[in-house]
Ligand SMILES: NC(=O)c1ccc[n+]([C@@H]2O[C@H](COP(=O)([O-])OP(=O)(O)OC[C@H]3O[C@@H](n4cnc5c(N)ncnc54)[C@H](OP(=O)(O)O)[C@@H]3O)[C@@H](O)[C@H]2O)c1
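Presented below, as structure tokens, is a lone chain in the form predicted alone.
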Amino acid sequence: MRPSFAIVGCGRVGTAFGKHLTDVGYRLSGLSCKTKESVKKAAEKFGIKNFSQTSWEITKDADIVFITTPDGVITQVCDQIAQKKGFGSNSIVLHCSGAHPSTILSSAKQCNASIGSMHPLQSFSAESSGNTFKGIIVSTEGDAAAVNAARKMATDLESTLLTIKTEAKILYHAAAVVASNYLVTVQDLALKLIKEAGVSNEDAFKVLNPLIQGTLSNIENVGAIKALTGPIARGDVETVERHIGKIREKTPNMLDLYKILGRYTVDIAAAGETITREQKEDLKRTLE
């Protein structure tokens, strides 16, 4: 028989874990949310009678407790449950924050619980069909028992588990932010520039998308350094100067971002040995 689990915090991540763990045979033993309306709605969705706004009332008998509240109150919620002896002895307590280490759950150890984090590297919509965990990366760190429990759940959810160092958790999160959020920023810059070139809003992404997908494919196949192409990779200072001149003329608010990205791209080109030392210095001066 698979373990029972309780969820404290019924937002998108908690709801997703509740749905898909239940689908693969885990037993949802309790739900808790901050507001009466939210917890009743979640309980109705899962068809469960054990629900409460008081978290420690539904966590005591669960083998695994997920604290899926907003990041800023995870420690507070865990402390409150621990003070009320709301974690079972030898239970597993997990949070799902990408930015925080498992150590923010340290108070649960007072109840002889094991602590860890289990972060799905995925965004969840309010309504989703199918197994949203299938094929994604789920990261974990913490006590051995907690990591083992996360590994079993990830396997059952058809996810790939990534074990990371507790002390490096924030760098893992920073990498995810750069890969996802900052990718949006870079593509926004590209879209604005191509629109300035006369391409319509409707066509802008269609024009760039094959290049975007090809670049991502090249990074996957040969790595970031070897995937670099373009004027900086060729040491073409003249073209970069022309870019700067036209951006300064048409969209000056975008110039700083272009230059910052360019300076780091020069280092990538140098690492790939596609430019000479002199070209590197010329490009750096141009992009200052």
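Note that the structure is predicted; figures quoted are calculated from it, not measured. Just count from 1 along the sequence shown to find any residue number.
Below: the form predicted in complex with the named molecule, not depicted.
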Proximity of S38 to the named molecule in the predicted bound form, heavy atoms at 4.5 Å: yes
V13: touches the named molecule in the predicted bound form, heavy atom cutoff 4.5 angstroms: yes
Any non-hydrogen atom of V199 within 4.5 angstroms of the named molecule in the predicted bound form: no
Close approach of G9 to the named molecule in the predicted bound form, 4.5 Å, heavy atom: yes
Heavy atom within 4.5 Å of the named molecule in the predicted bound form - the one residue of S89, S123, N181, Q213 that qualifies: S123
Answer option from C111, A154, A204, V77, heavy atom within 4.5 Å of the named molecule in the predicted bound form: V77
The named molecule in the predicted bound form: contacting segment from 215 to 223, 258 to 266, 63 to 71, 237 to 245, heavy atom within 4.5 Å: 63 to 71
Any residue of 147 to 182 that, in the predicted bound form, places a heavy atom within 4.5 Å of the named molecule: none
